[in-house]
Each structure stands twice: as structure tokens, then as C-alpha cells.
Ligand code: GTR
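Okay, so here's just one chain, in C-alpha cells, the form predicted alone.
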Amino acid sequence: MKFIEATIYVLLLALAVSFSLAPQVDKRVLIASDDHNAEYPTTKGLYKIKEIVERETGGALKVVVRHSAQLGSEKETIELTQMGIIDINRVSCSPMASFSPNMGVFSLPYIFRDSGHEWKVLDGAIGRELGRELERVGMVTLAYYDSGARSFYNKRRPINKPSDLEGLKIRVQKNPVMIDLVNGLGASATPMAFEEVYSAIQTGVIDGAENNPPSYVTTGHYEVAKYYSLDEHTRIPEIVLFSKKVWDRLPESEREIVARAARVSQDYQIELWKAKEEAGMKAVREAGNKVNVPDKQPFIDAVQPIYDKYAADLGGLIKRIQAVK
């Protein structure tokens, strides 16, 4: 039954995309997807790709950006990218682990020491290597985007050390690593749909959650969870993908233009993200919330069992990332 529903979904989406672009359905139009709204930094990154591609091809190659999850959830759009129905797709690296297991290394807590370390890895040999691995599953990596660092917030108390999390119910994504992380730090990991978090904190169903500063503000969670502890436990990058089926049909000259546009968009998106983070933190402090920056080392020590658990599959890659200076 699920297979039939999925097949119907793909057929309907393909028809919707075709009709929405008629009469230009000859693949001189590229469909770009993002699940964030039009003003979000990642979506603006895709619009930068559109701007450059259309300018440098003299309008011969068009890009249509479908934002706000118009084309489905991240998992659905990844599958549609493999099929060649979506041409350009921005998603988190987190779900990519289901398609290429080594991508799961980016979800490990404290795998990156800081933002500088993260971008040395992503822009270096490791980032390029993991990007190339996706070609085996039908996707070409164009760029990585920034999504900042996720930290804990709650309505009870500041989190200065791992033991401060004990007894707290913390909402997490339905992700095994995140569940292991929160439980390993002594809290009670509570998987929950994102849209339910505000009311759940407000009513005491949970005590808090974890996310980056812009999301903490735009969701309104800062209104009901006044303690924000910047432990920066994960920095999961975003990735911009291109359908290999379509990529292989593009002339070399157009592939070069798209690749160059994506590189420019990466720098552009990073700057937009920095500005959005600064604005988010300004709003948090102006609201009178309690912000603290704990020493990370006790947290890093506490999550070592998670590294032991995943070392068999990712151990070599973990050591290579940690060795990047």
C-alpha cells in the first residue's frame, strides 16, 4: 500500500511540475527545491544560483525555485532528485546518511570544534570526497551551506555542565544519534514533531529543545524557554545537490556555469547565515533571556560512548576530521 501511495505521489508531482512550467518542459528549465521559505538564507542561496545561471547562459537555461516544501519533505525531494524530477535540491546532510552512510559523520556531536574547523573540512579533501560518494546514488554535490550550531534551551535552568540536563525532557529530531546524545547527557530524549514543540514547552509536556539561534527565535520557542545554553553540540551542514541524470545530459559549458554559480552561492549563503544568527541572538538578549556559554569539554567527554558506538563504521573518517587543523 505504501509503495502504491508513493508511486501515485511521484506521478502527481511530476505532472504538477510539468504543468507549472508549461510550455517550457524541455529541460531548459531547472527545478530547484528548498523546504524553507523564500527569505531563508538557504533559499536565497538557490536564488543566487538562479541569478548567475540565467545571466551567464543569456537566459538559455532557466531556474525555477520551489520553496516552502512545495515539492515535499526532504526525504521525498532527495528521491525525486535521484529520479531527475527535481534538478537542484537543498537539504540537510542529516537525511543524506540514509543514501550514503558516511554522511552520518556530520551528525555526530562535537565532530567540529567550531565554525572554522567545519569549513576547513567541508571545503577540503574530506568534504569533496563525501560529496563525490553521492554520485553513486544519483546525485552531484554542488556546494555546502551553513546551518550554524544547535544548542540546548529550556524553561528550568541554565545548562553549564552535563549534569544540569538530568531530569529534563528535551525534544529531539527522530534521529538515533540525537536520541543517543540527549540520553547520554542525562536528559530524557523526546522525539516530537517540530510544530508541536512550542505548546509542549508551554504546557510542560517537555522542558525544552535544541536548535540554532535563528530557529529558536523564529519559532517563538524563546518566549517559553528562557534559558539558552550555547554548548553547540552539533553543526550539521546543508548540501546543494544536482540530479546526476540531468547533470550528465547538460553540455560541459553549462555544467561549468552551474558549478561556478553554486560556489558563489555558498559564500553568499554563509554571509546571510551569519547575519541571521547575529539578529537572532540580538532578539534573544533584548527579550531578557538568560544566555550562557558552558565549557564544552565535559560535554565532549560525556558523549564518548556515542563515538564508540559508531566507530566501527565511521572511525577512520572521525579521526581524519579531528586531525584537520
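Residue indices: 1-based, along the sequence shown. Because the structure is a prediction, the values reported are computed rather than measured. We call the rigid core whatever largest set of C-alpha positions still superposes within 1.5 Å between the two forms.
Keep in mind that the form predicted together with the ligand is not shown, yet the notes after this line are about it.
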{"property": "Interface residue in the predicted complex among Glu254, Glu74, Asp164, Glu118, criterion: non-hydrogen atom within 4.5 angstroms of the ligand", "result": "Glu74"}
{"property": "Position in contact with the ligand when the complex is considered in the predicted complex, options Thr190, Asn212, Ser243, Ser107, heavy atoms within 4.5 Å", "result": "Asn212"}
{"property": "Segment assignment from 135-143, 109-117, 167-175, 246-254: heavy atom within 4.5 Å of the ligand in the predicted complex", "result": "167-175"}
{"property": "Interface membership of Arg285, the ligand in the predicted complex, 4.5 Å heavy atom rule", "result": "no"}
{"property": "Partner proximity in the predicted complex: His36 to the ligand, non-hydrogen atom cutoff 4.5 Å", "result": "yes"}
{"property": "Contact test in the predicted complex: Phe194 vs the ligand, heavy atoms, 4.5 Å", "result": "yes"}
{"property": "Ser151: touches the ligand in the predicted complex, heavy atom cutoff 4.5 angstroms", "result": "no"}
{"property": "Within 76-102, the residues that have a heavy atom no more than 4.5 Å from the ligand in the predicted complex", "result": "Arg90, Ser92"}
{"property": "Rigid core fit then Phe106 CA moved by 2 Å or more between the shown form and the other one", "result": "no"}
{"property": "Did Met178 shift 2 Å or more between the shown form and the other one, C-alpha, core superposed", "result": "yes"}
{"property": "Is_shifted Glu252 between the shown form and the other one (CA, 2 Å cut-off, rigid core)", "result": "no"}
